[in-house]
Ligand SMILES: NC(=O)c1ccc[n+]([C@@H]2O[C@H](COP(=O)([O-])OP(=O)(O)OC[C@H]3O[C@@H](n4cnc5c(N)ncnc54)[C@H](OP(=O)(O)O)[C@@H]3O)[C@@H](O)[C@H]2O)c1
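Single chain ahead, written as structure tokens, the form predicted alone.
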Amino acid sequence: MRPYVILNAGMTLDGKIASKTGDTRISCREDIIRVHELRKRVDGIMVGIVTAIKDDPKLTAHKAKTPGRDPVRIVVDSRARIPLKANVFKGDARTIIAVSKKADERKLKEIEKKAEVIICGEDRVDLECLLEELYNRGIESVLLEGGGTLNWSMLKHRLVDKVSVAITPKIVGGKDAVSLVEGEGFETIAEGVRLRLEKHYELGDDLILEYEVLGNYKYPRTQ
């Protein structure tokens, strides 16, 4: 078993989640509040190490309209590159750093003073192993706020159950700008991840689209 996983992102009309300079200020104010409301309803929130380093997010629900619990903060960090002063180590929220067996042991000892460590995979984090470990630790739902690389890895291995995107009415272009999903991609359209539209609505300047991912049945069906 594994947690129910929701991939959530704000993106431009041309599918960019960051500009070529790394600017990620995409979503409108109303959508930011929506995301923080969603954060307090899930058990965990997951990002990759690039997001953790570049954006240094708190990964809490502090901008929600009403008070609620913060999710467990999960960083996928194969080589334990997370800075020890990162915001994910601050505050009262629980934090998990997921690493591979290639992670530096001395760095892990320092991380373990601030957070839990899960070791999965030989030279990079085995995501299926990680999700099983998270489920065994009581985390039954995860909000994935990854960059293009982590999003691709999760989708490639069929580990996403819902996709929620906020489309802002802007086009930024740029071959070096990060897209919602990157990686090597599928060879044919037929191989792509199949979705079914569940809901769509306008929020502030943005358009929210919520899709069910078809064919995934490894999570608790109570979701």
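Treat the numbers as computed from the prediction; the structure is a model and nothing was measured. All residue numbers are counted from 1 along the displayed sequence.
We do not show the form predicted together with the ligand, though everything after this point is about it.
At a distance of at most 4.5 angstroms from the ligand in the model of the complex, none of the three residues 38, 134 and 143 contributes a non-hydrogen atom. Among the residues 86, 115, 127, 119, the one placing a heavy atom within 4.5 Å of the ligand in the model of the complex is 127. Proximity to the ligand in the model of the complex, defined as a heavy atom within 4.5 Å, singles out one entry of 64, 193, 172, 26, which is 26. Remark: of stretches 107-115, 74-82, 134-142, 88-96, the one touching the ligand in the model of the complex is 74-82 (heavy atom within 4.5 Å). The ligand is not drawn, but in the model of the complex it has no heavy atom within 4.5 Å of residue 43. Contact check for residue 70: no non-hydrogen atom falls within 4.5 Å of the ligand in the model of the complex. The ligand in the model of the complex comes within 4.5 Å of no heavy atom belonging to residue 167. Interface residue remark: residue 33 is not counted as part of the site for the ligand in the model of the complex, having no heavy atom within 4.5 Å. Annotation for 53-68: interface residues with the ligand in the model of the complex are 54, 55 [heavy atom within 4.5 Å].
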